[in-house]
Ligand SMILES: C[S@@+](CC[C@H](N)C(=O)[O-])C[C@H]1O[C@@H](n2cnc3c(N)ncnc32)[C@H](O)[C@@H]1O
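Have a look below at one chain only, the form predicted alone, in structure tokens format.
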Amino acid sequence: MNPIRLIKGKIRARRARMERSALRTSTASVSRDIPLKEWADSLADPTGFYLRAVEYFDRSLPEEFRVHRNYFTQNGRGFGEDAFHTMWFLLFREFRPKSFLEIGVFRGQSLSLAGMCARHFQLDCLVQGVSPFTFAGDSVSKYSRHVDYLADTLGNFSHFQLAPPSLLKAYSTDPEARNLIASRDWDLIYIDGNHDYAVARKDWELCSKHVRPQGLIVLDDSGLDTAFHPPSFTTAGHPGPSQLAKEINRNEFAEILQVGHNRVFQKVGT
């Protein structure tokens, strides 16, 4: 690696840690809820709402969820952000899904978080993942060749004493994956697989047909063309999903929440 690039990367990482630490110590000690009626604030002021979600993580989220996040930040087990734990907690609290599908599992952080939310809110919820469980990446993502991603995901579920999820080892564009996605109407879908536009577009086209009316699709890394100004410890996303988000028909899907570069769309209809 270019030594100058390496040094700059270390400087950015240090600045990000310092900014996140400063937020942790400066936020008010009084817990503030984030009720559904205030989610529209995230669309008007996505930066302010993101910081509010970070504060909620620090001050209000049940401890077991902070423990979960801390576990996945260690040893490269996961990506994501503290604010996203807040997002998933709120989504499960308000919508109480009976089925959850994630496209692109990596090592199981979001999938196990869904299982933990279902357990916390005492929901009978199918937790389904679709992923190649290999080091295959895309134009913006590279992964280690030295991880057994399937075994690791199952081990991480076991670590938190969660029931094993339903997993399909396949690319989302493979026939068996497409058949699985089309096999039911889902309550909640997380599109977090290949971030190249062409693949993300195919994922959206299929999932949007098979999420139930009033159901939700969360699109990862899709905030580049929004008013979100990311702090140094996060990003606004990637071009592929962000372009896709611009093309979503708002007469069919209403955007109801933005937490950083994660955007939540609800299918219109009854």
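Throughout, we count residues from 1 along the sequence that is shown. This one's a predicted model, so the numbers in the text were calculated from it and none came from an experiment.
Beyond what is shown, the protein has a form predicted in complex with the named molecule; the following relates to that form.
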### Query
Does residue 171 reach the named molecule in the predicted bound form if we count a contact as any heavy atom within 4.5 Å?
yes
### Query
Even though the named molecule is not shown here, does residue 199 get within 4.5 Å of it in the predicted bound form, heavy atoms only?
yes
### Query
Any of the heavy atoms of residue 165 lying within 4.5 Å of the named molecule in the predicted bound form?
no
### Query
Hey, in the predicted bound form, is residue 192 touching the named molecule, heavy atoms inside 4.5 Å?
yes
### Summary
Given 114-122, 127-135, 154-162, 89-97, the stretch touching the named molecule in the predicted bound form at heavy atoms within 4.5 Å is 127-135
### Summary
When the named molecule is considered in the predicted bound form, the residues of 73-87 having a heavy atom within 4.5 Å of it are 79
